[in-house]
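Okay, here we've got a single chain as C-alpha cells, the form predicted on its own, with questions on binding and movement later.
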C-alpha cells in the first residue's frame, strides 16, 4: 500500500467515513503489524496467572512469542521465546512451572531469569568461556515492560512513552474493572478461539456500540436473561472516551452508592471494598452521575465487559467482568482471548455465581458472543469483495451534515475525557482516528491531541 492511499483512507476516517476494505486488506494488515502493534503497549497477562516462583504463561505480540514468568526471586519477567543459538523456541508448553527453559534443538538452557545457564560440550565446542561467555548472554526482553493493577504490558518500541503516560485518563476507567479492592483481581482463563473477522471490529464494538444491543441481542432480552439492552436503557447511558480508550455505561436507578452498586448485584463486602479503593471522583461517577461502566476498549485491542445478567428463574442478578484480547492472525482472522476476572477478596459463593454469569453471556459458549460474532464474520467476508473496495461506511452517528454535534457533551462529567448520552459513534471515530495516526507514523500519545481536537464544520470530531 502506498502512502497516498493510506493518507486518503485516514482522511476519510477523520471525516466519519470508513473505507470498507480496512477490514479485509492484507496490505493494511502488514502495515498494522509494524505501525500499530509495534508501537503501542500490548497486554500480555495478569499477575494472578503466575502466582508462584517459576509459574509462566506463553503469550504473543502478533508473530513474536514471549514467556511471561515469575522468576525464583518472585520478579515478573517477559522473555523473548527464541534461543540465542539457532532461534528455536525454548518453551512450547503454554502454561507451567519451570526453573529453566531448554531449547529442544541443541539443549542450550536458560534460567527463568533469561540468563544462559547451560551449553552442551561448552569446553569442546567453544573452548569454554574463551569462545562463549554464558554470563554475558540472556534471552531478549521487550524494550519496555510494566504493569498496572497487576496487568502486565510490553511495548516493542524502544522510544515508547511510559505505560503510565500511555494509559493517561483511561486509568480512571480501568480501575472499575481491575481495582475493586486492595487485593485486586484474580483471573480464570483465557478461553481461546478463532473467528473469521478483522480484529478492529471487536475493538470498535466494545468501545461504544450501544446502537447494536437492542437488535443484535434481542433474543437474549426475550428469554429474560438480561434486562438492560433495551434501547431506552442504552441511550440513557454515557459514551466516554479519554486519551487512549473509551467505553460505555448504563444509567442506574436513583439511589446512593450502596444502592446503585447493589442494583447490579454486588454483595455487601465488595461494595465496602469499592468504597475504600475507588477515588471520590470514581464513586461520584456511580452515586451522583449514576453511570456504571460497562464495555470498554483500550487501544488497540484490549477490551473489557462488565454486565449483570439474571442467572436463575428467581431473578437473581449477578455481575461479571471479562477481559478480552483481539489477537490478529491475519486481516480476516482473529484469535479471541477471554478471561473471567473477579475481585480476589470476593466471597466464594459470589465468585461461583459471577463465573456462571460470565459463561452464560460471553466466552466461547456465551449467548452475547454468538450474536456478535455472526455480525463480525459477515462484515469481514463482505469486505473482501471488489465492490466493497469502493464503499465507504457511514460512521457519522451523533453529528449533522455540517459536522456539528447533535448532543452536547455531558456537563459536570466526573471523569477525564468527554462523554455523551444518546446514540452516537463518537467512540468508534475516536478509536479509528487513533488507528489512523499510528498508521501514518505519528505518535498520538506524545502529541496529546487525540481527545482535545475542537469541533469544526465538516469534521466528525
Partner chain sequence: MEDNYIEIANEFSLARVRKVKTRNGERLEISAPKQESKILLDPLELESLTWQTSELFAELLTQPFGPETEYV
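Quick caveat: nothing in here was measured; it's all calculated off a predicted structure. Numbering follows the first chain given and starts at 1.
We do not show the form predicted in complex with its partner chain, though everything after this point is about it.
Student: Determine which one of 335-343, 282-290, 302-310, 112-120 lies within 4.5 Å of its partner chain in the predicted bound form, judging by heavy atom distances; exactly one does.
Tutor: Only one stretch passes the 4.5 Å heavy-atom test: 112-120.
Student: Using a 4.5 Å heavy atom cut-off, are 97, 101 and 134 all in contact with its partner chain in the predicted bound form?
Tutor: Checking in the predicted bound form: 97, 101 and 134 are all within 4.5 Å of its partner chain.
Student: Does residue 222 reach its partner chain in the predicted bound form if we count a contact as any heavy atom within 4.5 Å?
Tutor: Result no; residue 222 lies far from its partner chain in the predicted bound form.
Student: Whether residue 92 contacts its partner chain in the predicted bound form should be assessed with a 4.5 Å heavy atom distance threshold; does it?
Tutor: Yes, residue 92 is a contact residue.
Student: Consider residue 107 of the chain shown here, and say whether it contacts its partner chain in the predicted bound form, taking contact as heavy atoms within 4.5 Å.
Tutor: Residue 107: contacts its partner chain in the predicted bound form.
Student: Would residue 348 count as touching its partner chain in the predicted bound form under a 4.5 Å heavy atom rule?
Tutor: So residue 348 does not count as contacting its partner chain.
Student: Taking 4.5 Å between heavy atoms as the contact cutoff, choose which of 268, 146, 259, 72 touches its partner chain in the predicted bound form.
Tutor: When its partner chain is considered in the predicted bound form, the option within 4.5 Å is 72.
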